[in-house]
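In structure tokens, the next block holds one chain alone, the form predicted alone.
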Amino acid sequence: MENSLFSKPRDLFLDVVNPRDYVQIDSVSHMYQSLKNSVQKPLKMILLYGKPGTGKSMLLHKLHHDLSKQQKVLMFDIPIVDEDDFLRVLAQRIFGHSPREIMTLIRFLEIAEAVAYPEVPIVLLDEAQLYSASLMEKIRLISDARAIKFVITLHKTDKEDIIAKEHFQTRIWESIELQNATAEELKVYVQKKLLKANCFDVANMFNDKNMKLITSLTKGNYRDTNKLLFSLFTLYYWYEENNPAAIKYNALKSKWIEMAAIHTGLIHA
């Protein structure tokens, strides 16, 4: 449908990570500034952790986008779990070396020592809970040798505090924990995202009442909020095309928010 009011808002909330979609919220901006400050310190490993959907990957991608303009930064958004492959990719993409022999840790450190950068290269590892204890030990030894500075993200679950895992206890020199958003923060996030894309009419449809409902359904989780709003605007798009008289443009319909929540699994009907 051409000139749809809801097609652009719908696509804004696709579940993808793009640093250009970063939205400044006071608490998140504070976390990001802390992360940038930590990267400038002579630390060997930095941990960014929190529950899934709290924005870890977004901050990591934004850090990569911002820092890669001025120094050597490598992003692993999909983990390479094979140890030999991991070291080979590091050697090639950080130090420009493509060894044909088996890549051992000793050989990797020799390659790293032969290349001098003005600043220690930074490697960003997303979803680090998927790496084996053996590979994490190699990562620790590489960071101890000051060959590379690592920033890693980990999921924190209700059943266990990921920092307490044995193979992370002694290697993290600084950690930053991300939290779910409050209703007020989530409203700022949603409206800024819409206003940035010039979706002014749709942004005005959000009020404190429906934001409290959205927050209660998503628990303030950014990923769940994106999924919910994508489903909601898909619903609005359908009504706009098939039954526009049913749409009230002064505020979002609570029943339609709940219908979108059922579709996304946030409500089990």
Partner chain sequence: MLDVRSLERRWIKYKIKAYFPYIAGVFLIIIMLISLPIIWLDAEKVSEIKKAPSLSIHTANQTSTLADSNKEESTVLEPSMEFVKTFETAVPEPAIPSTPPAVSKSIPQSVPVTKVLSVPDSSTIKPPPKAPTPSTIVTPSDKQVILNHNNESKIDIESVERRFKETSNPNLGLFIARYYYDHGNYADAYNFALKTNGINNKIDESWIIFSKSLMKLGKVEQAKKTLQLYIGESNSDSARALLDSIERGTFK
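Positions refer to the first chain, counted from 1. Here the structure is a predicted model, which means the values were calculated and not measured.
Keep in mind that the form predicted in complex with the partner chain is not shown, yet the notes after this line are about it.
Visitor: Quick one: which of 203 to 211, 229 to 237, 45 to 53, 62 to 70 gets within 4.5 Å of the partner chain in the predicted complex, going by heavy atoms?
Guide: Heavy atoms within 4.5 Å of the partner chain in the predicted complex occur in 229 to 237.
Visitor: Residue-level contact is defined here as any heavy atom of the residue lying within 4.5 Å of the partner chain in the predicted complex; does Met259 satisfy this criterion?
Guide: Contact check for Met259: yes, within 4.5 Å of the partner chain in the predicted complex.
Visitor: Can you tell me if Lys255 lies within 4.5 angstroms of the partner chain in the predicted complex, counting non-hydrogen atoms only?
Guide: Flag for Lys255 set to yes.
Visitor: Given that the partner is absent here, does His263 sit within 4.5 Å of the partner chain in the predicted complex, heavy atoms only?
Guide: It does: once the partner chain is placed as it appears in the predicted complex, His263 has a heavy atom within 4.5 Å of it.
Visitor: Can you tell me which bits of 60 to 87 touch the partner chain in the predicted complex, meaning any heavy atom within 4.5 Å?
Guide: Heavy-atom contacts to the partner chain in the predicted complex: nothing from 60 to 87.
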